[in-house]
Ligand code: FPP
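Coming up is one lone chain in structure tokens, specifically the form predicted alone.
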Amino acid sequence: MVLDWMPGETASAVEKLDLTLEVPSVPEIDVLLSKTVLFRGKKFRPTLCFLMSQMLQVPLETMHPYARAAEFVHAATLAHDDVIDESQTRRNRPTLNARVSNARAVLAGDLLLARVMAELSSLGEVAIIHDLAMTVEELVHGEWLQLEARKIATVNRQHLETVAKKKTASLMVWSCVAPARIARLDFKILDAARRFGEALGVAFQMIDDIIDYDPTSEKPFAQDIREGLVNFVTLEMLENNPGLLEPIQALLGEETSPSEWPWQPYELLSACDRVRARAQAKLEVADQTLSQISQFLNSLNSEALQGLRSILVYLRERIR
């Protein structure tokens, strides 16, 4: 992930983050993971973790195992999601399940989660481990809710926001809260870090949904519809034109593209604009929350604060 600004120490910590997974009994797992769910990831969650810790003046070396845990949990969810979605490619490369099998992909994801529990338990930070366990539960609940709504065109905004908070934002929240726990900060800062991560995560998902309808992106156009899912952009089109309900319902879960999409180009552009505005509003909430955190603290690292704000700039740039 290329930001406008990142403190040199944070950039170095992200670059040097060790994501190897040595499993003597099954040595091929590390190679398979490094070629799939751990291949050239943006390390978005570790970056959040390091920047928040630096802003709160927690030594970066202290946060290495937690940043590693965040990326491993994220990778585990990708491995499991690809099985659930029956995906054959990710980032234009074969998925883990496509390379081996669904069963081995699930086991590899389970191994990542087990390694996270083992490594973090040795550090003795029970509250952080508890937070992460609840985060994994949120991830599962988010995926469960999304599965329940598959091939249903009548989902509402509350459902999509709940799924976004649980499936996308929850691990970002943990990445922001863990440094605050290490710093032994009070509830108001923990709560602010949580609100920052949640606003950021929901905005991230909205932006991803806009990109889903970008014909120049790496993903196939309208991939969510092909997977049977209504996303934020699709919802905007449905709310603005109820006549699209029946044709979109018929498309949900169809792997092949229709000869002609049922919406007009202007309807899609307008829907993307409305989701863009909602994402911008969430990013503004995140920015305001950073200001609150800075006011709560007696001292902070201003360079790291600037780095966190660069993440907001980065996300805004993705949807221009």
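From a predicted model like this one, the values you see are computed outputs, not experimental measurements. Heads up: residue numbers just count along the shown sequence, starting at 1.
Although not depicted, the form predicted in complex with the named molecule is the subject of the following passage.
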**Contact assignment for the named molecule in the model of the complex, among E143, E161, E236, D131, heavy atom within 4.5 Å** = E143
**Message:** Exactly one residue in K167, R181, R195, R115 has a non-hydrogen atom within 4.5 Å of the named molecule in the model of the complex; which is it?
**Reply:** K167
**Message:** My question is simply whether A76 lines the interface with the named molecule in the model of the complex - judged by any non-hydrogen atom within 4.5 Å.
**Reply:** yes
**Prompt:** Is I84 close enough to touch the named molecule in the model of the complex, meaning at least one heavy atom pair within 4.5 Å?
**Reply:** yes
**Asked** Can you check whether L185 is within 4.5 Å of the named molecule in the model of the complex, heavy atom basis?
**Response** no
**Message:** So, V136 and the named molecule: in the model of the complex, are they within 4.5 Å at any heavy atom pair?
**Reply:** yes
**the named molecule in the model of the complex reached by all of K35, R93 and R104, non-hydrogen atom within 4.5 Å** = no
**Request:** Work out which of the listed stretches, 76-84, 239-247, 147-155, 118-126, brings a heavy atom within 4.5 angstroms of the named molecule in the model of the complex.
**Result:** 76-84
